[in-house]
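To begin, one chain is listed below as structure tokens, in the form predicted on its own.
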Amino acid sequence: MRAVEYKGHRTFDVVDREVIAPRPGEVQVSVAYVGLCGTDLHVYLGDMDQRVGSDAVIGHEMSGRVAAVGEGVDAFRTGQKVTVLPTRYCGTCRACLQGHSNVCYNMDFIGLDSPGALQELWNVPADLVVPLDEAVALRDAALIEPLTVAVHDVRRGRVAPGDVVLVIGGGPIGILISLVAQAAGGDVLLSEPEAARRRAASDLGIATIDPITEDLAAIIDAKVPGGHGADVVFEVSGSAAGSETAVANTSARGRLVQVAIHAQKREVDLHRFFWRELEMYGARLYHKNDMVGAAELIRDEKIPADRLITSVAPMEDTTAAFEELHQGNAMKILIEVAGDRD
């Protein structure tokens, strides 16, 4: 079978690998599409060489069909459409025992710490496989994993109908959070300084603002009876300015969800937290029920999946696809492994 291996130096090659039958408790998936994300881009740029090693097969945003099942697996049938939750948790650490497997102390993130989806046949533990409705196109289903991130984040912020929601940062995850928050009934405003990202969000029906040239606080206050900030704020920019803006524009008793990974420590206005009794939540990864919820949003066409896909490339063009992603103009690039075969 063919697989895409990371060779270092911003290079991926297609190689032939031996097909290995699924072991007991595993499902063998015939991979259809694999999405490329910011974490994968860090691999391409060489930032994660020590973690992933050489000749690694990465990829964790995917869709496919069941090709075979190992001994003891009876919940899936050959040909069934599926996606995979790429987080293998230990089940024994304190976080897992408390029901917080998404922050497992011994997490194996599949596609980085162990082989991922950029291969024609992929063996994964059966308990990580999520069945999909047959009506869902496999091309669209490749967006379920990043959408799962957004579903978890919005649930973390407890977005309810009528909430005024501010999303800071209009990259792919910021846009997905905006769409999921809107689907939950939130009145969403997306703050993003780059015009191209604002246009992409606006085309998807998301209200946007340029925080450099427009008065963000005044626009939010006009939405809220009595003003003074948004009910829920998502910080997705990863910048110092974004963090400061998030705290400054959260209403009394409001909820601030920290989504972006900050590479360095930030100053936080703790007096504002005290004065307004703010709540702040970290949001990392997701649970399996978040992925089920994301799959339902795709199935019910609550998310315009087809409009979020920038391009689809064959396995042989994986390196070029990463370079396109690196340019920063793509919403979502997919690698076609086997295609839809619907």
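In this text the structure is predicted, and so the values were computed from the model without any measurement. Numbers follow the displayed sequence, beginning with 1.
Note that the form predicted together with a further copy of the same chain isn't included here; everything after this is about it.
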- Find the only residue in 139, 156, 88, 197 having a heavy atom within 4.5 Å of a further copy of the same chain in the predicted bound form. 156
- Identify, from the list 108, 269, 210, 71, the residue with a heavy atom within 4.5 Å of a further copy of the same chain in the predicted bound form. 269
- Task: Specify the contacting stretch among 224-232, 71-79, 123-131, 181-189, defined as having any heavy atom within 4.5 Å of a further copy of the same chain in the predicted bound form.
- Result: 224-232
- Message: Please determine whether residue 259 contacts a further copy of the same chain in the predicted bound form, using a 4.5 Å cut-off between heavy atoms.
- Response: yes
- Tell me, yes or no, whether residue 95 is in contact with a further copy of the same chain in the predicted bound form, where a contact means a heavy atom of each within 4.5 Å. yes
- How about residue 297: is it within 4.5 Å of a further copy of the same chain in the predicted bound form, going by heavy atoms? no
- in the predicted bound form, residue 284 touching a further copy of the same chain (heavy atom, 4.5 Å): yes
